[in-house]
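Take a look at this single chain, the form predicted on its own, given in structure tokens.
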Amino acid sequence: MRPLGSADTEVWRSRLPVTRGTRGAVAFAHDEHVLAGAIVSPDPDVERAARGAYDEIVRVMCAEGFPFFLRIWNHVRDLNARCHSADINHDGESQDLQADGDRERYTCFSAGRHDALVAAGLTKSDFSAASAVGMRGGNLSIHFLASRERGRNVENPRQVSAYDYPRQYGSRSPSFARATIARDGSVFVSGTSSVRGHETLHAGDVEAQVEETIANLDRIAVECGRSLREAQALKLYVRHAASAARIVERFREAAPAASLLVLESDICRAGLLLEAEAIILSDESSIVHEVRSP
């Protein structure tokens, strides 16, 4: 994804000794509390790629003793493009009766992710904070944080829980929570957009979408016992580079202490123009987050 601001690199460090390793296709590093990992899949069938990648991720987390997700970042090439998965039909329907959303690469990715997590024994209450955004190259890249102890997953009263979206958004609803609070009190807010209930609002109006997105971020921060103004880091995904300056200006007002990483990216729904996520690390956290300029 192309950086649209002065920062182009996101760095996670630990204040504690770190162990590094690889298992299969997963590269990871962990201290005694948190594991960070990454996997890249070259499989062009994004549904199959997601299912295989999450299978591997869960195996590595359990093998290393960090069985609980804290935060997941999914990057999917051509997120809004037509999906050509050979395994697209989950409900016994004929192809021509499926919802249009079933044919997008995002919903195909969501189906593969959901099936892998359910096969691993996870339920709705286990789904952590996450985001899924578009990239121009590759196929599927996943980064994640995991913990030895279960965090608390939090939902936004302004929005239908993503895992309970109606059928129009695909045969498998997105498997994530609106935010996750780690045992040390750190808050990870999922990718958040101009969605109220389950519907996209303000199509084509970037200023209105910014305000709706900030309202959602404000509310989920409150539900986590924090404030958006406490956010130490924001990541903004912007569909059209020309609107980035206006978006950044408003988010700097809403979260003045936060570092900003701004990226050009497709968003999970074609009508959405931006997505934003937030991090509020507690003083007790062993991990440190930074964004850096070239």
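Throughout, we count residues from 1 along the sequence that is shown. All of these numbers come straight from a predicted model, not from anything done at the bench.
The form predicted in complex with ligand 3EB exists for this protein as well; it is not shown, and the discussion that follows is about that form.
A.B. asks: Using a 4.5 Å heavy atom cut-off, which residue among 209, 147, 186, 74 comes into contact with ligand 3EB in the predicted bound form?
C.D. replies: Selected option: 74.
A.B. asks: Can you pick the one in 151, 134, 174, 112 that has a heavy atom within 4.5 Å of ligand 3EB in the predicted bound form?
C.D. replies: Residue within 4.5 Å of the partner: 174.
A.B. asks: With a 4.5 Å heavy atom cut-off, would you call residue 178 a contact of ligand 3EB in the predicted bound form?
C.D. replies: Residue 178 belongs to the contact set for ligand 3EB.
A.B. asks: Heavy atoms within 4.5 Å of ligand 3EB in the predicted bound form: does residue 48 have any?
C.D. replies: Close contact is absent here: in the predicted bound form, residue 48 is far from ligand 3EB, nothing within 4.5 Å, heavy atoms only.
A.B. asks: At 4.5 Å between heavy atoms, is residue 106 in contact with ligand 3EB in the predicted bound form?
C.D. replies: Within the cut-off, so yes.
A.B. asks: Please determine whether residue 224 contacts ligand 3EB in the predicted bound form, using a 4.5 Å cut-off between heavy atoms.
C.D. replies: Heavy-atom contact with ligand 3EB at 4.5 Å: absent for residue 224.
A.B. asks: When ligand 3EB is placed as it is in the predicted bound form, which of 22-30, 37-45, 238-246, 262-270 ends up with heavy atoms within 4.5 Å of it?
C.D. replies: Going through the listed ranges, the match is 262-270.
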